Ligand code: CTP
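Heads up, the chain below is alone and in the form predicted on its own; it's given as structure tokens.
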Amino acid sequence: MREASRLRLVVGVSGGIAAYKAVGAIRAFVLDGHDVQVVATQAAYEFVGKSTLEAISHNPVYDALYDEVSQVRHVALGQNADAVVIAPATAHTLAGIAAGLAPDLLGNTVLARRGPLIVAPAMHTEMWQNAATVHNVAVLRKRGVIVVDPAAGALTGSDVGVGRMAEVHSIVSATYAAVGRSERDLDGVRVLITGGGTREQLDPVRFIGNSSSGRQAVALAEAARVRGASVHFISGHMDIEPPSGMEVTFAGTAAAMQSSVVDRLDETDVLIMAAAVADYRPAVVSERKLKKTTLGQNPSIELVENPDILAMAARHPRCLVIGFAAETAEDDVELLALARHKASSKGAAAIVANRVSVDRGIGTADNDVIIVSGDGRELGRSSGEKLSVAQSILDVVVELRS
């Protein structure tokens, strides 16, 4: 993501095995053109070297509370930062922040900050679920701290469970969303988002699919969470990890995605259908791999139509439904016409339309969309990094709900 302005970010690194992921987050911020100041605890150096953090951030790394006292560094770092990000945030670090302790430079920086605080916890499952940690995290959330919840997966040693630090893209997206938006205008709203592509099997090894990466859907989910929504994410096949800190259901086919959406519609306030769902599937799925010797030189495959999930969901009496339309339109005039037709034919509250090609829109980091209402009104346009586009789409959602 490349923001319009250069951000001043403080990245705090505490002492956990996930500190190696902090290097990836710092690198992502720097590549996006931002100024990154790293503040490491002494325990962090047990897992990642100071020279590595300095090389990646392009800045000296500070760790001592009383270095350069004349510059009041222990206060200035937090005061001047647009956001403070702590990744990983250990159980000890979370407890210290919740209690307002400032035993080191990182603690002082947190207390002196003016911008948002984003923490990415990382610890073993038992520590994450311990009553003390649960209490501390609840206190931090109540104070407005953005907690990028840990994911489930492999932990230190042979342990597996919840506690693995969120992926870099989730931490970076949460940071950008927090800096760009302070209000929680979706607080308490139940949002269901579908993302990625579906695959319809031809045989055990081949399928009909598409090149959707899931990036726009993940950006929507993470932005909605920061704006206060309770998000459930239905994931098709994606190039990136699903978003952290929310319920995720995998649905790899159109039928599975329809079932997952139907199961949750009655408890959903807003449905955003960002997934690229296959329109057709093979009439017959072979149980064995299809061979050239069997198919011949000019094989044909009989297809049957998949259920229209968007049209079905749009008939729900209460849920606000937003659809997507990826089109190979030549210009905005054609794109608008296609979007208006789809909005009308599907009955959706709005359609987000974008022009796509081999190297545009699908699978890329940027997007360029036009949003139209169900009655054909143009509600907005947005272009740029997909998180920025996601915010524009959510602005429309808020407008439509009001």
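For clarity, every value in this text was computed on a predicted model and none was experimentally measured. A residue's number is simply how far along the shown sequence it sits, counting from 1.
Beyond the structure shown, there is the form predicted in complex with cytidine-5'-triphosphate, which is absent from this document and is the topic of what follows.
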Inset, instruction - Just one of 91-99, 303-311, 76-84, 132-140 has residues with a heavy atom within 4.5 Å of cytidine-5'-triphosphate in the predicted bound form, so point it out. - result: 303-311
Legend entry - Candidate site 275, 278 and 327: all three near cytidine-5'-triphosphate in the predicted bound form by heavy atom within 4.5 Å: yes
Legend entry - The unique member of 346, 340, 34, 355 whose heavy atoms fall within 4.5 Å of cytidine-5'-triphosphate in the predicted bound form: 346
Legend entry - Any non-hydrogen atom of residue 323 within 4.5 angstroms of cytidine-5'-triphosphate in the predicted bound form: yes
